[in-house]
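Next up: a single chain in structure tokens, the form predicted alone.
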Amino acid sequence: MPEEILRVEELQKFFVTVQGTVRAVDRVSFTVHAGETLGLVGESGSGKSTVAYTVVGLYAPTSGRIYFEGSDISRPVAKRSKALKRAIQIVFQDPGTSLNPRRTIQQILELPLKVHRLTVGDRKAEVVELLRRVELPPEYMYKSPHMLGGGERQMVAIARALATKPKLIILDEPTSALDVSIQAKIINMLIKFQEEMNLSYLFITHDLSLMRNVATRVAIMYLGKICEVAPTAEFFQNPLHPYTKMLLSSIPVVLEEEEALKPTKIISEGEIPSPVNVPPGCGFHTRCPVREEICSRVDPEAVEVSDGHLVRCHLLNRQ
């Protein structure tokens, strides 16, 4: 097993609003190993992006601990060392808002080089090399973000993340706003960079079908909590949590052979409850068709049902 690069323990992130306290992330624990991709998957509002922003330091955790290479980094980004900021980078979902529209691509890519003093020679040459790595021509350095397409802007965002030679990159739905052909190009690019640089990825997404070909392990979030974690092959072949089965059974397929591999369709009831008013017990029990009386009273603990396969469900806890 590769060494552990990131460990999140009992992470909580709450937001106080006029409607009440939003329990965006509630007792979330997971690990990421060197050179692997952990896919963190969930519906909108599940808390997966809040996990990403807390790990990278944009949010301070309400409670819990975050460890990077064994050191406690449970603090906001302003209080983190430059070495730590170099080692952990993030690529946001919408490069249109994450790239400064008043700067040229050259200025955007030069900024991390200046801040972290990563070049002793020609920064312009380093910018050209970064553009080359993401398959963009050198003359793009003179353009502004609004002059580029969505896929090209995302490639610039990836180049900016690579500029500091990080060890861990958090990818917050990096392809969800792009055309399918551009998505494939960026995914292939990310896989190549991971192999070349031994990068670790925390890949935030709502697209389970994408995780089949990208992730080493998959974690499913629902209403601020992780309900199932498993190695990718095990996850798709033997899903156990009712919510996981519901998600997998709803993936669109083309061939009958693919349809036969999907779990029995589970139809949920109603909408995801508000994180301001989280129901007692298991958060999924209000939508679960196989719920039992205990599910509405007691929040289940995670149980390891096989090597690396953890599930939070009372139905599994009794087996």
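When you see a residue number, it is the position in the sequence shown, counting from 1. As the structure is a prediction and not an experimental result, all values here were calculated from the model.
Not pictured, yet referred to below: the form predicted together with a small molecule.
Among the residues E292, E43, E36, E69, the one placing a heavy atom within 4.5 Å of the small molecule in the predicted bound form is E43.
Heavy atoms within 4.5 Å of the small molecule in the predicted bound form map, among the stretches 45-53, 281-289, 60-68, 26-34, onto 45-53 alone. S306 falls outside the set of residues with a heavy atom inside 4.5 Å of the small molecule in the predicted bound form. The small molecule is not shown here, but in the predicted bound form it comes within 4.5 Å of a heavy atom of V22.
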